[in-house]
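Encoded as structure tokens, the following chain is the form predicted alone, with no partner shown.
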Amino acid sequence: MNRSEITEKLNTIFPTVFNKPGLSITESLTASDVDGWDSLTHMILISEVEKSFGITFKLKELNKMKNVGDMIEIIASKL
């Protein structure tokens, strides 16, 4: 699965988790860019991403995620 396929899949997860149908992600998107992205929704997001891609993030990987681009990079490395 390449970066664009991962992004496409994430573009279906993010709007659902944040209840924002028009939300479209970019690699530079961060939590501060999305209203309602708090610690609880972050954990829901991580859970949905793990379930959707069939992967598990390690704590050190979660700590490295500063934006969606970082998330895509880590997902790509696990697939």
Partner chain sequence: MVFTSLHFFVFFPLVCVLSYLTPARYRYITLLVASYYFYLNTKPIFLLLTAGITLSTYAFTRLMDATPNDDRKRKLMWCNVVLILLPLFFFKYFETINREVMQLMAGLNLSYPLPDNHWLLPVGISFYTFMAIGYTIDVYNEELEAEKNIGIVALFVSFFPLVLSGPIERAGNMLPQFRSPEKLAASNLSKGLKLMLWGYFMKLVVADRLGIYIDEVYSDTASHNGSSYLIAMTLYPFQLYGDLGGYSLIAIGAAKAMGFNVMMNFRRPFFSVSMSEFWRRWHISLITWITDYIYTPLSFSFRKHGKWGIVIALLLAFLISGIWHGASLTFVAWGLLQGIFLSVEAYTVKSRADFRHRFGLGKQAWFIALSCIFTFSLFAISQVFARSSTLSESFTVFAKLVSDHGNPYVDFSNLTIGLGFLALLMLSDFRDEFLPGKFRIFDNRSFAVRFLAYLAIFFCIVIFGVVSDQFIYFNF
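Positions refer to the first chain, counted from 1. Please read all numbers here as calculations on a predicted model, not as lab measurements.
Quick note: we don't show the form predicted in complex with its partner chain, though the next part is all about it.
Highlighted residues Ser39, Leu59 and Leu62: every one comes within 4.5 Å of its partner chain in the model of the complex, counting any heavy atom. Of the candidate stretches 6-14, 67-75, 51-59, 21-29, only 51-59 has residues whose heavy atoms lie within 4.5 Å of its partner chain in the model of the complex.
Using a 4.5 Å cut-off on any heavy atom, the residues of 38-53 that reach its partner chain in the model of the complex are, in sequence order, Ser39, Leu40, Met43, Ile44, Ile46, Ser47, Glu50.
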